[in-house]
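Here's a solo chain for you in structure tokens, the form predicted alone.
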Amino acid sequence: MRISSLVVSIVSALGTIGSSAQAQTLTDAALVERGHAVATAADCMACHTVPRTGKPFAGGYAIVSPLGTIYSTNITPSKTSGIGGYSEAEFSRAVRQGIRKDGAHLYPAMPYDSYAGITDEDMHALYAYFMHGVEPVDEVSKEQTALPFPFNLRFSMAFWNVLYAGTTPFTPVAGVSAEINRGAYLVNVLGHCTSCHTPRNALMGAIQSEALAGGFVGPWYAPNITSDPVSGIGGWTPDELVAYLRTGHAKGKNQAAGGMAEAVQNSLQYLPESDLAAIAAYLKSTDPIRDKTEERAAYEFGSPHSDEDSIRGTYPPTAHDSLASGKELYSGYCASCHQPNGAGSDDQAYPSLFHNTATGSIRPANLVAVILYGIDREVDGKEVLMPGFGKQSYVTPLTDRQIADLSNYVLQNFGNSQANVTPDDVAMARTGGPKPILATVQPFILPTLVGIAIVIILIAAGWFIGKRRRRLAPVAAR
């Protein structure tokens, strides 16, 4: 009886241990899956993976900033090349404060100023995902960040962080619905929308009083997404916002390109419908910010128009260089997809050029950028592609003058006729967009510092020589 009882007890204990182990495994799997959802909402894939050719999270993606190109790092759990040696505290410090394991500062191209708001629970899950849900890649990117002086002094970011970086996890606002609080967390923390959609000051810090009011991101302009009905998304319905976030397209409103196309492709299309609805609800609840230069919503501009009848037969079929004017360039390069009258394709995969924020905005930067760089996004396994006509074009590279003429034809006939594009505007877009003050003065910083140092040395030398002469003067007199 005693032996039998002992066997039963052992079997029972083993069963209990097995059940506990299984429960722990399920718990760990759920934690990793939650971390995967957090990483998706935070859009980690877009910046830490080279499109098409790169391994997930292996780094090497070029982030072109006004201060120089920053290359993302390997954040797989590789012990030799990634973050496999990071403790959870070190991981949290890097994500929330922008400080690596070795103590060096990250640049805010990694949006730690927004990620500072990640909750402790989500940070724990995120760490579990990157340590146990990501395949390690034991490769270091061939491309390494090398910004010019003085931006290469990473320790200077400590001062920038004091001024502009967040410090505390997100706290829900009392008296606001759970949906809007969730939207605020997704927009301002995980989605780091302010990184692109908020204008920046002379030190490249986000101007919080104009949060989400729009700003340049290289050659692209991230538009105003406050609730203002003219300058922002106040005239969009919640369903239109959700459709845009999920697919990158909202009929009669806008289509995603540039960095927004990457956000849709790598992040937003995978969020649950409830999260997309929460983002829409939050954006609709924000304080409206009006751009005084705008009197009508950008998507209200334009109507169908065609100049095909006036073009046909102008040149013989064998003529060269026959695409000289804006309307001829449009006919030759745009009309086959966007239709001669600008209405786009029936399914709007090639969108209408009227009732389109890219052509109706008083700032035609996105129209120029999309002609230069094209559109390439994949949603639900379907690719939306428009070739670019910049120097890298596999169709036909266009000159600055041609792109300006083409843009102005589109603006005059399908969009905001008050907007205008010059060849200089196109040249600026080719070189990365408007330069902030820091980038403008950068070439003069080192010579200025050297000049100041030389002046200080000369003053010190003069003082020392003068003092020595005064000390020796009585001796010489004797």
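Numbering starts at 1 and follows the sequence shown. In this text, all values refer to a predicted model and were calculated from it rather than measured experimentally.
A second form of this protein, the form predicted in complex with a small molecule, is not displayed here; the remarks below concern that form.
The small molecule: the contacting residue among R100, R290, H132, R401 in the model of the complex [heavy atom, 4.5 Å]: Of the listed residues, the single hit is R100.
From the list Y71, Y373, F151, Y164, which entry has a heavy atom within 4.5 Å of the small molecule in the model of the complex? Looking at the other structure, the residue within range turns out to be Y71.
Quick one: in the model of the complex, does every one of W160, G326 and N408 get a heavy atom within 4.5 Å of the small molecule? No, none of the three is in contact.
I'd like to check something about D425: if you look in the model of the complex, is any of its heavy atoms closer than or equal to 4.5 Å to a heavy atom of the small molecule? Heavy-atom contact with the small molecule at 4.5 Å: absent for D425.
Within 4.5 Å, heavy atoms only: does A419 come near the small molecule in the model of the complex? Taking the distances in the model of the complex, the answer for A419 is no, it never comes within 4.5 Å of the small molecule.
Taking 4.5 angstroms as the cut-off for heavy atoms, does H124 touch the small molecule in the model of the complex? H124: no contact with the small molecule in the model of the complex.
Does A429 make contact with the small molecule in the model of the complex, using a 4.5 Å heavy atom cut-off? No, A429 stays farther than 4.5 Å from the small molecule in the model of the complex.
In the model of the complex, which of 199 to 207, 300 to 308, 166 to 174, 360 to 368 comes within 4.5 Å of the small molecule (heavy atoms)? Careful reading of the contacts points to 360 to 368.
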